[in-house]
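In the block that follows, a single chain appears as structure tokens, in the form predicted alone.
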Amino acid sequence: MRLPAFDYELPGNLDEALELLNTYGPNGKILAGGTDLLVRMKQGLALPTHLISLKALPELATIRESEVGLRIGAAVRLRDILTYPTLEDRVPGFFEAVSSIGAPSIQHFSGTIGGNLCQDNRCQFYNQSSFFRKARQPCNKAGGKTCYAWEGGSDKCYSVCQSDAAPVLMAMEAEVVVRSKQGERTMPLAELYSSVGERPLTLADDEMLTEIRVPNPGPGTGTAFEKLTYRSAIDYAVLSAGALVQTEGERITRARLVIGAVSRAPLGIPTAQNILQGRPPGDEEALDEAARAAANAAEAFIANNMAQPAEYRKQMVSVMAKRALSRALSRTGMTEAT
């Protein structure tokens, strides 16, 4: 498969990049590492006429400290995050998530944090060559009127958000900065995702993600990330889980759980907070209950949109949820590591 023809744009600063996005609208796409976009272009799933490179924009490739946490440019390479001093100790869940993305070669040379958060949703019936897709009528995501991943079809697209970094960052209540020629807005990371499979991001055509703000967890707080895959590298997640747990005294005061790779957007489990808050850290029954709540919530979204059986993924949600919660809890200093 070959790349279709396009014009390569190399803006010298962020304002120039935003001007180009404003000019080309839906025909212009941001090119950072290209690990997702270029593959989709070869498959005929994305056909931009202009690629706007971030290569010459150092302001998007820096990590800065602030009073409340880290400010990470959207074009920061994954490897630069993994080698940032003290990051593994401060936010181990985020470190684990970034470590799981792609392979070391991708992390070092091309993969960016913004690209991972903004990658398009995936489905085994959609992410195929044009030759494969022509064997049947287009699905919802390809402009058709059905979803082949859902038994009997559906008027909703059941493609899956495959970002590894998003679940744990959402559990940590990270924020993102989005800019366009018209201005800037800051919002919770959760609001970056639309929960609409056909257009999974809430970004307008002239907007781009410029920064991720990762808050300091604070005392008595632990974070963790779990990812289920068949291979140790390169694989997309069968499913994943990001967790944050905070304790004070002998009680859990805060708990956030987000399940990844099961729905059109990372799936927050607010009932986990309700179940765990006020419970002692060693309460295994509470952890089991929170994990079951995650499985129940995810069941309504899991479709046959991957090579792995949907039933297996449903069964594993509670397993991965409990692992993430247990490890986050162990990092609060209140329990032994699990």
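Remember, predicted model here, so these are calculated numbers, not experimental data. Counting begins at 1, following the sequence as shown.
If you look for the form predicted together with a small molecule, you will not find it shown, but the lines that follow are about it.
- Residue in contact with the small molecule in the predicted bound form (any heavy atom within 4.5 Å), chosen from Ala297, Leu37, Ala61, Met306: Leu37.
- Though the small molecule is absent from this view, in the predicted bound form it lies within 4.5 Å of a heavy atom of just one residue from Thr223, Asn121, Ser240, Thr112, which is Thr112.
- Although the partner is absent here, Tyr236 is a contact residue: one of its heavy atoms lies within 4.5 angstroms of the small molecule in the predicted bound form.
- Within 4.5 Å of some heavy atom of the small molecule in the predicted bound form lies at least one heavy atom of Ser163.
- Using a 4.5 angstroms limit between non-hydrogen atoms, Leu31 touches the small molecule in the predicted bound form.
- For the chain shown alone, Lys227 is a contact residue for the small molecule in the predicted bound form, at least one non-hydrogen atom being within 4.5 angstroms.
- Within 4.5 Å of the small molecule in the predicted bound form, a heavy atom is found for all three of Ala74, Leu78 and Leu203.
- Between 126-134, 253-261, 180-188, 206-214, the stretch whose residues reach within 4.5 angstroms of the small molecule in the predicted bound form through a non-hydrogen atom is 206-214.
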